[in-house]
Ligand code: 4NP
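One chain comes next, on its own, written out as structure tokens in the form predicted on its own.
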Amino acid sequence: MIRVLFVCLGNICRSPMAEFVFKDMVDKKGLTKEFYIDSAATDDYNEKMKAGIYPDTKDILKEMNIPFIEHISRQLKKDDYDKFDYILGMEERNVIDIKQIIGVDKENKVHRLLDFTEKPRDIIDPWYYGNFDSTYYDILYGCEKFLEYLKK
């Protein structure tokens, strides 16, 4: 089983979007039993507030017919490093924060999602910029390329 954890700052926009986009993608390919997929935050604020998926994230998932269930934010923990094969941040700042939480990435598990594409880059945080469509398409592209990478 391949265990994948998507991580962003607050675990209410990008990382749950990636979690459910990737779950839908592997489900449509009949690969659900081969994966364990989850998401987390680098910051604990939303976990303390028991925040769920941001409404605009839910709206784009509904618009794109991506099934999802409510997800309450949780902060990445040091022991998540041993529980997952891939820990995928949405931007370089997430990667830096992930490594501060987990320590040394001795098994090279930590990457940005778009590092698996022909155009590695950060995925903008729609919480600050409001462009959930752009974020969705970057996540979709990243998930497609990541799944291709895993198939090789």
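As the structure is a computational prediction, the values presented were derived from the model and not from experiment. One rule holds for the numbers: they count along the sequence shown, beginning at 1.
One more form of this protein should be noted, the form predicted together with this ligand, which is absent from this view; the next part is about it.
Per the 4.5 Å heavy atom criterion, this ligand in the predicted bound form is contacted by stretch 45-53, the sole one of 45-53, 80-88, 28-36, 104-112. Shown alone here, Ile12 lies within 4.5 Å of this ligand in the predicted bound form, counting heavy atoms only. This ligand is not drawn, but in the predicted bound form it has a heavy atom within 4.5 Å of Trp127.
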